[in-house]
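The form predicted on its own is given below as one chain in structure tokens.
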Amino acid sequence: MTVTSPKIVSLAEMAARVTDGASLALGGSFLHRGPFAFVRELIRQGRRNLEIVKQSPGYDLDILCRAGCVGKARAGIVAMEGNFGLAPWYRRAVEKGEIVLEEHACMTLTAGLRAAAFGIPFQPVGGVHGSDLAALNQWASVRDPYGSGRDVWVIPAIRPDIAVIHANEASPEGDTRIYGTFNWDRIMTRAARRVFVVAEKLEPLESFRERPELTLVPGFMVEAVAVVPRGAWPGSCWPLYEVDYPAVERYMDTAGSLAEHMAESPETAEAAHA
């Protein structure tokens, strides 16, 4: 589908709109439907001191740490899933003090994003009692104003500069569809100041008007769309393709270099598997 729209940009132009030190919320979860082509473009353009916000990052945060692009992370579990365990370059960056970590549970980070989305300074959250996270992050608690006598932890609003999500389809006006679970992408796009969408393909605006209930992000919220088929590689984008586990295994091989991985693509990876 060939269209002309001011919102349709190249991946390089989209990444160029991210300044050093920006706060980015990255969609998807672990190895699934993350904006991984966008992340690699940030590395190519030499971004530095980024803040990454994500409940369950993996490859994206790990490769950004490996490339020296991250200054701070606000994250829950950071892993390459059961096949590969924890994210090694992220872990190394934290242990060496190369990045600042604001450690969260998925629910606490979601609460902070919800507060930003709702336009309120904080959001109550359950399940924190007995954890060290509240003390580590100096979160406050408030007494239940309705008389139960209980204290409730409240998470301050988290408003990223930009939310970047990977979607199955987008319209030329920026309307966005995701098939399958959308993880935390909806709340990220409501909390962030700006929204970028990397889409597998464009679909006519008429198809979004015919099925408005499938639209996750309305076009008026989206600043830019880049069309990148297989842009979530080496991760998956259901139902189009699965995780490329051999490519992830090569990435995890400490004998290999970041440059070698950056030179790979879905096409060269398929050739290597053949």
Partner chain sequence: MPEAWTGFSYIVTNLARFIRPGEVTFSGVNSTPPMLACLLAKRAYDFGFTWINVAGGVQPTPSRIPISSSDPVLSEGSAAIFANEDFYDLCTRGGMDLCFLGAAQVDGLGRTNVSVIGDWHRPKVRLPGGGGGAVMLPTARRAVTWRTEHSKRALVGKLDFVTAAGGMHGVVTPVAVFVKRDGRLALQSWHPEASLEEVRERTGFAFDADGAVPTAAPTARESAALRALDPQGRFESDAKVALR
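Positions refer to the first chain, counted from 1. Fair warning: this is a prediction, and the values are worked out from it, not measured in the lab.
Just so it is clear, the following notes concern the form predicted in complex with the partner chain, a form of the same protein that is not shown.
(Q) Between A199, I158, I187, I162, only one gets a heavy atom within 4.5 angstroms of the partner chain in the predicted complex; which residue is that? (A) Of the candidates A199, I158, I187, I162, I187 is the one lying within 4.5 Å of the partner chain in the predicted complex.
Q: Go through 239 to 247, 222 to 230, 37 to 45, 62 to 70 and give me the stretch that gets within 4.5 Å of the partner chain in the predicted complex, heavy atoms only.
A: Partner-contacting stretch among the options: 239 to 247.
Q) Within a 4.5 Å heavy atom cut-off, is F182 in contact with the partner chain in the predicted complex? A) Yes, F182 is a contact residue.
Q. Is T215 one of the residues lying within 4.5 Å of the partner chain in the predicted complex, judged by heavy atom distances?
A. Residue-level check for T215: yes, a contact with the partner chain.
Q. So in the predicted complex, does any heavy atom of R74 sit within 4.5 Å of the partner chain?
A. R74: no, not in contact with the partner chain in the predicted complex.
Q) Are any of the heavy atoms in E103 no more than 4.5 Å from a heavy atom of the partner chain in the predicted complex? A) Residue-level check for E103: yes, a contact with the partner chain.
Q) Even though the chain is shown alone, can you say which residues of 131 to 165 have a heavy atom within 4.5 Å of the partner chain in the predicted complex? A) In sequence order, S131, D132, L133, L136, R159 come within 4.5 Å of the partner.
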